[in-house]
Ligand code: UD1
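The form predicted alone is given below as one chain in structure tokens.
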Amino acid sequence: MLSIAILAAGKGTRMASSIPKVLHEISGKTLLERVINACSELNPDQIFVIIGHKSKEVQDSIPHSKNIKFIIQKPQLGTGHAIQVLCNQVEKNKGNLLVLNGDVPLITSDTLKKLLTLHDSKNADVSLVTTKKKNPHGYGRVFIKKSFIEKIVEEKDCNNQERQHLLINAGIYCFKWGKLSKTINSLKSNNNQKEIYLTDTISLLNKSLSLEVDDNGELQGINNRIQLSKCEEIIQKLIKEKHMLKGVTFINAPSCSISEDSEIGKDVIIEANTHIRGNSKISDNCVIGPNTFIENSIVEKNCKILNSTVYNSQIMDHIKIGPYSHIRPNCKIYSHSKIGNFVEIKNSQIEDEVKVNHLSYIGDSIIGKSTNIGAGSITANFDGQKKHQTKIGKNSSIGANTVLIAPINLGESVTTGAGSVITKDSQDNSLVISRPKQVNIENWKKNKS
């Protein structure tokens, strides 16, 4: 039986934030979510999340799951106290208990599997992940004697000689839960921090083993925004390298960010300062950027998106967007269309070969195939209380500065005069003009008073 305990009760004072530390995000996922995801791949029987500071916020951040249970730790008196609370509340202390910190978000399931394998193969009482750091400041030092861990000394309790030791504790443990339960309540807070340390169990258990791994960033803990940024850099580097090896070109990789859940096809060029977030998919032969933001959207093959933003929308193949276009949620733009300078589109369907070239707003609309929207045209979709739809048939030509007052339905092959304010439906093959007659007053002099 495998149980997992994730320590997530701390306030995270050094984050200087009103948000609980474990709810800060890296690449769109909270620190706690990342740890839970790594654990889930182990198929545990139960996961305990030990919470304290702003416990409701932390609990609400995790989707409901039958095998995730929450344990309240109040007050927070250290890592050992957290496990004391757990052991006192859970009667069935059988099998292995894997203990992780909710602020070590880059831990991988592969490393956790290696720890479990070592623990079971050597029949250890406790096994823990360790690594050597060139600068071990802030970490507990691990001392090994005859293949077993003799003791762990926390940074603030180290003497000068112990501080020179490079092998550190990563804060990831696998215990025989039955043996841990017999010793956990004997831990005391007789240290400089006046906290109950989980590491003190090491000297109380007979067979303590170390799984030493390379310091590749996977074990980076987060106590402040600098370390949060460092983890973001680590994960972004891994994501972009993965895409580059699969045929994606980054013109300036450090200036870009890509979510883990995004897919990018072959021969895509990602220009500088481009950000692809959420569950986005970019198909083959696209050019994205520079200065472009895409979130939860699908972009099909051979598209070019320049200096623009796209949210929750579907962009079909051979489409050019930008510069400075804003595609808002629930848009579907069909093949060979062009969305140009300073155009905003929202909740609309744009059929094949449509041109919305510049300075227009298209909202809550269906625009037919091969229609041209002239510069400065607007679909006035809001009447002060409700949003209404505009429909324009195929092969239509909307003159510059046309205002279409929704709800309105224009037929196919309709032409509107420039500067018209259209309030009534029209039939196919119509010319629609609605504007006041021009008046020229000759020999008029401006009043200079």
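These numbers come from a predicted model, not from an experiment. In case it trips you up, residue 1 is the first one in the sequence shown, and so on.
Although it is not shown, the form predicted in complex with this ligand is what the next lines describe.
J.: Please check if E154 has a heavy atom lying within 4.5 Å of any heavy atom of this ligand in the predicted bound form.
T.: So E154 counts as contacting this ligand.
J.: Does this ligand get within 4.5 angstroms of any non-hydrogen atom of C256 in the predicted bound form?
T.: Although this ligand is absent here, C256 would stay clear of it in the predicted bound form, with no heavy atoms inside 4.5 Å.
J.: Indicate whether this ligand has at least one heavy atom within 4.5 Å of a heavy atom of A5 in the predicted bound form.
T.: A5: no, not in contact with this ligand in the predicted bound form.
J.: I'd like to know whether A170 contacts this ligand in the predicted bound form, with contact meaning heavy atoms within 4.5 angstroms.
T.: Yes, A170 lies within 4.5 Å of this ligand in the predicted bound form.
J.: Just one stretch in 256-264, 287-295, 192-200, 309-317 has heavy atoms within 4.5 Å of this ligand in the predicted bound form, so which one is it?
T.: This holds for exactly one stretch, 192-200.
J.: Looking at L115, V104, I345, L86, which has any heavy atom no more than 4.5 Å from this ligand in the predicted bound form?
T.: Exactly one residue meets the criterion: V104.
J.: Consider the chain as shown here, without its partner, and state which of G368, G78, G376, G340 has a heavy atom within 4.5 Å of this ligand in the predicted bound form.
T.: The option sitting close enough to the partner is G78.
J.: Counting only non-hydrogen atoms and a 4.5 Å cut-off, give the residues of 323-360 close to this ligand in the predicted bound form.
T.: Counting only heavy atoms within 4.5 Å of this ligand in the predicted bound form, no residue of 323-360 makes contact.
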